[in-house]
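The chain below stands alone, shown as structure tokens; this is the form predicted alone.
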């Protein structure tokens, strides 16, 4: 069985929803189709929810009216017959009645999460009825019946697998099953979500849970590129990546893939293929256990980084010093991206400044603190880069005109991470494209 995911831009217009229906029908065997909300819907629902929490009811109602108008026009263009247009009108009316019901009650965090889930529920129901109009045998597979997270917001993969098995057995005669990305239930059985970009994660979790043949993630570009095409003019798609390489790129800024997507697929060795809905014949990128060693594959950049330097004469030969430093970040649930140490200093980067002042207050007890904000991490990725001769020479020669704040190499065999000021990021990406990819 295939697991096939389509994002918001792929279903964002009626003609695109029709296109993905044709794509799915052209695929052999059984498929589970995972859909995001129509493009723009989740952002609109976020605005509605924020307005309701702020008790700005006029703004919320105006946003709802505009979104409902958009859906009413969408169904007129999606369905050909009057009977299915009437079905579409009933779907839209039903969901927007729920929106207004949620808005009329006590709107809290639970209501907010329920509101955000409706985008995927609408898109899958509209797509399912489009297949019905085309006389295609398909069924809706409600994600809320099997997708769950624990109290730490981590997906419960084994439980998902246990719930999905019997459901799929009862639907064994159906070739196309349509389900929602992003949404789930939490440990209190409330409607919740896998955070933004979570539809990719849903597809990977389902693929791992059922041990799928492959997971296909369809977007609007030709797979993963070797550099950021928004910044660098000459980029090229990457044919193959290892799971580890793809994870590094997703975490450090490659927007095509949700950072958590790879983990479940890698656990059960299910290949992930990134494809382009605008050009279905393009080969895309295959992510699997296989990969060539010692080659530069891609670079990615992550903005919003803050570097913290702790200088202390007590550090020299001080047992437990780093443990105490890390415990400060642990207390404030703040992740560390990079770390560099010397005999008298340690530099650390974080991407979340929410508790920065409190963290700095505690770190001041260890020594002199320096802070550099507006930094970017540039991640240079390849499989087993440590086996490539002269790898650091190539990187540093490429960046000879860029001031480098920190370097991390050796913690992973798959990447070299470099910290630069964000004002230098675009120049650095272009220089690396010329220096290590010769483009």
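Numbering follows the first chain given and starts at 1. The model shown is predicted, which means the values in this text are computed figures rather than measured ones.
Keep in mind the form predicted together with a small molecule is missing from the figure; the text below concerns it.
Chemist: Just one of 383, 61, 412, 42 has a heavy atom within 4.5 angstroms of the small molecule in the model of the complex, so which one?
Modeler: Checking each option against the small molecule in the model of the complex, the one that comes within 4.5 Å is 42.
Chemist: Of 99, 182, 128, 146, which one comes within 4.5 Å of the small molecule in the model of the complex, counting heavy atoms only?
Modeler: Exactly one listed residue reaches within 4.5 Å, namely 182.
Chemist: So which stretch, 31-39, 390-398, 50-58, 367-375, is the one near the small molecule in the model of the complex (non-hydrogen atoms, 4.5 Å)?
Modeler: It is the stretch 31-39.
Chemist: Within 4.5 Å, heavy atoms only: does residue 197 come near the small molecule in the model of the complex?
Modeler: Yes, residue 197 lies within 4.5 Å of the small molecule in the model of the complex.
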